[in-house]
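One chain comes next, on its own, written out as structure tokens in the form predicted on its own.
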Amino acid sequence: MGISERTAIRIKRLEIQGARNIAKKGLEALAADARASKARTGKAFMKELEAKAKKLATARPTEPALRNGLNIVLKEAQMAEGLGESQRAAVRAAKAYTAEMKSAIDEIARIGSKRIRNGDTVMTHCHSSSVMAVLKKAKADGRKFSVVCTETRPRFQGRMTAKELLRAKIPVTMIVDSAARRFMNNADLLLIGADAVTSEGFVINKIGTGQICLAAQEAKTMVGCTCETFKFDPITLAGDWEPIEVRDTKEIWAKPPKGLRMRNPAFDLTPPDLIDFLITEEGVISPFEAGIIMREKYA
């Protein structure tokens, strides 16, 4: 079993979490396997690389940042001439993509931090590396604010958020997910991440995001979504639906009563009219502009 296969298993088991981290680890694994390949011809190498990329791409369905990166690596390797050059092209493309993701986060932090003012209360849901980058940059810029984070059932990713904020010395209060509406009236900004954005501007994020955005609309609280354009999903341009991962119900209740039916969707779709703006590395845009950027970047 190669590094790609082992990484795919870790992604599936949630040992690797976060859209950006999943993409980074997946591409690093594919690059490592490309370097270590024992294929004797370019054709054999591409067949091997495509099989490994497929395992990574299907480890979790709602991960366009990883899929987009894998497609770029395969395209660059396919265009190269000869076995050795195909291997080198795959490694270069993987490194370039992960470097671009890092610079995108830095730019999102720079842009997004300006939306946080002194005295603000910011609400978050789940754990997002780009949201954390924005909050830390605002702190580094000298602004004083506090954060309310949900615990984010059933995997409690909000605990990761709370711990990271405490390490950054940012005041944080954790609440149960169902208390979001109760606390929304005192929030100045709801800041969420995204695992995917469709061509119509729908944001796919941790389950419960849509309900919290509805509460924000009711309370007239601004909603911002931090999202690298790598997470814009070009399959939706062609009419495909963004796949929504449904996970094992044991995450909800390990030993439920016999006969009980349960469902455990990992994500939900939040319509663009519930989100005031997207903060991307290309600037602050309306969700309705996502399709335009998607065509320019991936079509």
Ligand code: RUB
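Model, not experiment: these values are computed from the prediction. Start at 1 with the first residue shown and count on from there.
What comes next is about the form predicted together with ribulose-1,5-diphosphate (RUB), which is not displayed.
Asks: Could you check which residue among Cys126, Leu190, Val134, Ala90 gets a heavy atom within 4.5 Å of ribulose-1,5-diphosphate (RUB) in the predicted bound form?
Replies: When ribulose-1,5-diphosphate (RUB) is considered in the predicted bound form, the option within 4.5 Å is Cys126.
Asks: So ribulose-1,5-diphosphate (RUB) isn't shown here. In the predicted bound form, which residue out of Ala194, Ala77, Ala94, Cys213 has a non-hydrogen atom within 4.5 Å of it?
Replies: Only one listed residue qualifies here, and that residue is Ala194.
Asks: Could you tell me which stretch in 199 to 207, 170 to 178, 80 to 88, 134 to 142 has residues with non-hydrogen atoms within 4.5 Å of ribulose-1,5-diphosphate (RUB) in the predicted bound form?
Replies: Contact-bearing stretch, as computed: 199 to 207.
Asks: Does ribulose-1,5-diphosphate (RUB) get within 4.5 angstroms of any non-hydrogen atom of Lys55 in the predicted bound form?
Replies: No, no contact at 4.5 Å.
Asks: Is Arg67 close to ribulose-1,5-diphosphate (RUB) in the predicted bound form, meaning a heavy atom pair under 4.5 Å apart or at it?
Replies: Although ribulose-1,5-diphosphate (RUB) is absent here, Arg67 would stay clear of it in the predicted bound form, with no heavy atoms inside 4.5 Å.
Asks: Gln157 versus ribulose-1,5-diphosphate (RUB), in the predicted bound form: is there a non-hydrogen atom within 4.5 Å?
Replies: Output for Gln157 is yes: heavy atoms within 4.5 Å of ribulose-1,5-diphosphate (RUB).
Asks: Although the partner isn't part of this model, could you tell me whether Lys25 comes within 4.5 Å of ribulose-1,5-diphosphate (RUB) in the predicted bound form, counting any heavy atom of the residue?
Replies: Close contact is absent here: in the predicted bound form, Lys25 is far from ribulose-1,5-diphosphate (RUB), nothing within 4.5 Å, heavy atoms only.
Asks: Though the partner is not shown here, which residues of 258 to 293 have a heavy atom within 4.5 Å of ribulose-1,5-diphosphate (RUB) in the predicted bound form?
Replies: Residue within 4.5 Å: Phe267 only.
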